[in-house]
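Just the one chain here, the form predicted alone, laid out as structure tokens.
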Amino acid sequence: MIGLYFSGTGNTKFCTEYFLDSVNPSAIAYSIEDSRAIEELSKHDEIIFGYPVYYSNLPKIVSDFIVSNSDLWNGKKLFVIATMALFSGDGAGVAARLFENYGAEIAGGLHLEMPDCIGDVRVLKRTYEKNRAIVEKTKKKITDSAEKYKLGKPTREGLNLCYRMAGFLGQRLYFMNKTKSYTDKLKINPVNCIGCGKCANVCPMNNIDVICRKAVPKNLCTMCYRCVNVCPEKAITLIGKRVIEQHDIKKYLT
């Protein structure tokens, strides 16, 4: 057994590792960005796969990873974990259906609410205490789901037709194009930018260059919000016009 995940700001990494440790403490979770991920995937038949949900859909980087390694999923048993700030409908189902197309068996699915990481809009912003409570509730849900998994009765959130309709009507119908391709909407304020390079260092797509001591975005943003949340000058935005709050999962775990 191994874990595979994509995590923008740490939410999904934490949830995938927490679930995996609850099921098999000796198993290791790998980011899909890790150079070892493909090799480890080929060695294991039981996989816990986690990702954040964007607009009730897969982040582009995640769908590309699944498709580009389509020959490796056949015969694998996958349990899918989807993290979200509120509601996704079939968050686990969007990847599950893709995996099934490539011959995988879907053991189950799990939806987990986590603190919102979209730093440049006010919606879904909560107090520190509320976010701590959300994380604690989610930890309990993970533990319960892991116990069911070990008993051979895994949770199956996001996998049936009702979930699929909820995801489609709730968001995908209106925002389908948001995740079909990478975006060029990332904005970096050159006045505020100090050229520290932190944004470029954390970007999973190498979408940011530092030129003449200024960060310059390209057109391959997968909307993970890492750069927005690490910029010391709050110079980066994507959906909104200014940074309201920066997210770091670590502050809710101590």
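Residues carry their position along the shown sequence, with the first being 1. These numbers were taken from a predicted model, which means no experiment stands behind them.
Absent from the display: the form predicted together with a small molecule. The rest refers to it.
Contact check in the predicted bound form: 18, 108 and 155 versus the small molecule, with a cutoff of 4.5 Å between any heavy atoms. Do all three pass?
No: none of 18, 108 and 155 comes within 4.5 Å of the small molecule in the predicted bound form.
4.5 Å heavy atom contact, residue 30 to the small molecule in the predicted bound form
Heavy-atom contact with the small molecule at 4.5 Å: absent for residue 30.
Answer yes if any heavy atom of residue 145 is within 4.5 Å of a heavy atom of the small molecule in the predicted bound form; otherwise answer no.
Residue-level check for residue 145: no, no contact with the small molecule.
How about residue 225 - does it come within 4.5 Å of the small molecule in the predicted bound form, if we only consider non-hydrogen atoms?
Residue 225: yes, in contact with the small molecule in the predicted bound form.
Hey, in the predicted bound form, is residue 80 touching the small molecule, heavy atoms inside 4.5 Å?
Residue 80: no contact with the small molecule in the predicted bound form.
Thinking of the small molecule in the predicted bound form, which stretch from 22-30, 49-57, 36-44, 62-70 has heavy atoms inside 4.5 Å of it?
It is 49-57 that comes within 4.5 Å of the partner.
Contact assignment for the small molecule in the predicted bound form, among 151, 165, 86, 123, heavy atom within 4.5 Å:
By the 4.5 Å heavy-atom cutoff, the listed residue in contact is 86.
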